[in-house]
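First comes one chain, alone, set out as structure tokens in the form predicted on its own.
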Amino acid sequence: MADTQTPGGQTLLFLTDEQLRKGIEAMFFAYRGFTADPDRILEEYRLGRAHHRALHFISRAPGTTVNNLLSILGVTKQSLNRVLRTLIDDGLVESRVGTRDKRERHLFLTESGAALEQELSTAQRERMRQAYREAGPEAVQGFRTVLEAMMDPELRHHFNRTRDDGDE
């Protein structure tokens, strides 16, 4: 890794292909670790990661619409409908008709859904908390900066909306 100053004083970072490849591999292995604990919990309920993502974002924005969830998750309507049908049938999510637009469906976690989401997020927060402690404060901010820079603009918009609605 090398830094170079431009005439305007901007620092450019040069990474070799091998350094980038190691970063990509680190992301793959970190993701496996990040999802391992929730996967074990989800297995008990015969649910998968798509269900987890839906529970997470419904929890972050109670009353969110199906269309908003489609936009956030970037899945097909058919795929989301399968996930929501399971969550509703299992008593984890409630779908309510919109008050202004009867065609809209607003999604809420039930008490059991909130408990499951809490269990899943607690497992992930603990893993992140430990990793952040080991890495230190500068690494935490750098990691967030890198993740945000990797997001497509539309996804960054969703991320900033959820971040602005809750705690960081």
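Given the structure is predicted, the values throughout are model-derived calculations rather than measurements. All residue numbers are counted from 1 along the displayed sequence.
There is also a form predicted together with the DNA; it is not shown, and the following applies to it.
With the partner removed from view, the residue among 104, 37, 126, 119 that has a non-hydrogen atom within 4.5 Å of the DNA in the predicted complex turns out to be 104. Mapping the unseen interface onto this chain, residue 72 falls outside it, with no heavy atom inside 4.5 Å of the DNA in the predicted complex. Contact check for residue 131: no non-hydrogen atom falls within 4.5 Å of the DNA in the predicted complex.
Put simply, residue 66 is close to the DNA in the predicted complex: some heavy atom of it is within 4.5 Å. Looking at residue 62, you'd find every heavy atom of it more than 4.5 angstroms from the DNA in the predicted complex. Annotation for 64 to 83: interface residues with the DNA in the predicted complex are 65, 66, 67, 74, 75, 76, 77, 78, 79, 81, 82, 83 [heavy atom within 4.5 Å].
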